[in-house]
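First, one chain by itself in structure tokens, the form predicted alone.
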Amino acid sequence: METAQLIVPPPLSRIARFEKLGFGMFLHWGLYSQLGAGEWVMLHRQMQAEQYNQLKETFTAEDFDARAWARLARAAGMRYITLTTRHHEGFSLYDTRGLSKFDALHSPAGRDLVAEFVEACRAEDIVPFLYHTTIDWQWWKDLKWPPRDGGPQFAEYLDYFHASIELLCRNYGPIGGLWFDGNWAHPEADWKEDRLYALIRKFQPEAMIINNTGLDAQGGKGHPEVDIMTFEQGLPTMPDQRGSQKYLAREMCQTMNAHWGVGADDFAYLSPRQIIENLCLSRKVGANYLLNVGPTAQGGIPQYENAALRRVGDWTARYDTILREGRPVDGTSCSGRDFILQVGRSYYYFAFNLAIKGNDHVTVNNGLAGSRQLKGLPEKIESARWIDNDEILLMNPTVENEDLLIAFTPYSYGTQLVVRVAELRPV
């Protein structure tokens, strides 16, 4: 059968709900945060477990305030948070209930931090997602293990890993999903994914299952039970899902700087402008945007990330419903990076790189002036207006009313929205 004759399968209900969340916060926090050198510091510095694990004795979580995390996410326009319940270092932020003593309960923190996180998310109407590593440096200290043929030690590890996931599935109420990371390190290993995902479906039937394909396989497809294509540190694309057995969501995850865990000597932060642009370019193709924050040693949110996200939230508040409910419109094309989303019967034009109108002595003008062409809308448009100030925009339909020339007015001096949204109302 020709591809053009195939249809895109409808998303499962959990996938449709996930896509409407739109914007989420990733939180990488663990013992490594005390060293301020990223989340891979144990491996990069070739630290022996006996030395590294002493960090547990100074892990107090005294600055950890899960409600503050959730409130910041809401202020930024985020609707879900994914927390590293256990990263590759092997330390768990949750009560492992006898599986291990290498957890928050056996540190000076002395409590189940995942329980507090989940409770805080629900109190702030944020959906909690739980990240969990699939590799564990407490079990192997380099990337050459597990052996290709598995072996009894790997089987024992998988039992421990799967038992850990069962604890997360059974003890924290309904969660948005499980976010796995690490299979890319050992693609030849048999990770027993059938067993793992059946366990999740037994206890969390509506949870999203994500298994990150890593930097080298962005947008790759995995096990049939996985619900998402991941794009680590790269803009997502729109795959052709016609004829697929299952519709897959997409998610871009990105760091605020060059580390997932906090980096004390890292100054290469994203600006609010870059965050807004990446959020928009993710939604352009219907993908979610998961933006990472690395909390400080004992769980505080660093000042820059706090301020930047709140500034982003001033922008997302203007377009919240459009960002979360809007869907790409097949067959449309716009100028440059511009794009169209549809909500109900209305279409919304996202305009990048607009000019600024002001006195020549003070105005720095790097944007583009003039009309922009929109092609392929399935309906005739009656009117266009800027969302932020209700200004009516002039239009000129071209061929057969399917192409439009829209006169997008420039920003007034003192205004620069990065991406500005106009509503296009059909006849």
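Just count from 1 along the sequence shown to find any residue number. Note that this is a predicted model, so its numbers are computed, not measured.
Missing here is the form predicted together with alpha-D-glucopyranose; even so, the following discussion is about that form.
Of the candidate stretches 98-106, 338-346, 81-89, 157-165, only 81-89 contains residues with a heavy atom within 4.5 Å of alpha-D-glucopyranose in the predicted bound form. Note on the partner interface in the predicted bound form: the residue among 117, 260, 319, 129 having a heavy atom within 4.5 angstroms of alpha-D-glucopyranose is 260.
The contact residue chosen from 232, 112, 124, 227 relative to alpha-D-glucopyranose in the predicted bound form is 232, the criterion being a non-hydrogen atom within 4.5 angstroms. Across the proposed site, 23, 315 and 325 without exception lack any heavy atom within 4.5 Å of alpha-D-glucopyranose in the predicted bound form. Residue contact check for residue 212: one or more of its heavy atoms lie within 4.5 Å of alpha-D-glucopyranose in the predicted bound form. Among heavy atoms of residue 179, some come within 4.5 Å of alpha-D-glucopyranose in the predicted bound form. In the predicted bound form, alpha-D-glucopyranose sits beyond 4.5 Å of every heavy atom of residue 281. Interface residue remark: residue 28 is counted as part of the site for alpha-D-glucopyranose in the predicted bound form, having a heavy atom within 4.5 Å.
Residues of 33-66 placing a heavy atom within 4.5 Å of alpha-D-glucopyranose in the predicted bound form, in sequence order: 39, 40.
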